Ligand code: MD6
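Starting off, we have a lone chain in the form predicted alone, written out as C-alpha cells.
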C-alpha cells in the first residue's frame, strides 16, 4: 500500500447515497449497499477477539508521520508501516505474536461480496482493520504491496457514515466522493485494482453499534 500525505481537501460535491443494492462505481468496481448490514453485529463481536490479541495502534509512515487512523490486522499477513517502509508481515511487531486468524464470519462476508461483484473464489489471507474517530482520514493512495493484482480488494464499512474517495489509476484525476453507510461494501479489481482511494475526515456522530467511530475491514490476497 503506497501512502500519500498530501492534502486531499473537500473540494468536490459529495455524491448522494444510492439505495440501489448494487451500484457500479468504475470498470471492475461496485458498491454493494447494505450487503453486510445483517452481519454487522457478528462482525463487531468477532472484531473484539482480534483487538484483544492485536491491540489498536497508530502506525507511522516511513517519513515519521503518525497516522490519524488506528489500525490492527488479522490473517496470515498483516500490513505494517514504520520507518522501514510499507510491507506485509506474519508477526505483530507490538506483541511479537502471529496476527490472529481471520474469523469465519469475516471470510464469509468477504467471499460473498467478492462473488456478488464478479470475483468468484476470493480467499483473502489478510484483513487490515481501520478505526476512524472524528477527524481521522485516509489520504489518497494505491494498494500496491500485494503480490497478485488479479485479486480484488473488498472493503466493509461498519459504524459512522464516511465519505469514500475513489479515483482512477492516476493521481491527477479527481476522485469521486461517495457516502458509505454501515453495512456497505466496496469491491474493486480488474481495471480499477490500482485506483487511488481514501477517506475524507470523519464527521462526528454516535452509532448504535460502534459509538463515535467507523470501522473498516479491508480484505486482500497479500501473499
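Numbering follows the first chain given and starts at 1. A quick note: this is a predicted structure, and the numbers were derived from the prediction, not measured.
Absent from the display: the form predicted together with this ligand. The rest refers to it.
No residue in the set 77, 127 and 151 has a non-hydrogen atom no more than 4.5 Å from this ligand in the predicted bound form.
Proximity to this ligand in the predicted bound form, defined as a heavy atom within 4.5 Å, holds among 138, 117, 109, 102 only for 138. Taking the partner from elsewhere, residue 202 is found to have every heavy atom lying beyond 4.5 Å of this ligand in the predicted bound form. Using a 4.5 Å cutoff between non-hydrogen atoms, residue 92 does not count as a contact of this ligand in the predicted bound form. At least one heavy atom of residue 132 is located within 4.5 Å of this ligand in the predicted bound form.
Though the partner is left out of this view, residue 188 does reach within 4.5 Å of this ligand in the predicted bound form, counting heavy atoms only. With this ligand left out of view, the stretch that reaches within 4.5 Å of it through heavy atoms in the predicted bound form is, among 93-101, 80-88, 140-148, 109-117, 140-148. Contacts with this ligand in the predicted bound form, taken as any heavy atom within 4.5 Å, map within 158-176 to 164 alone.
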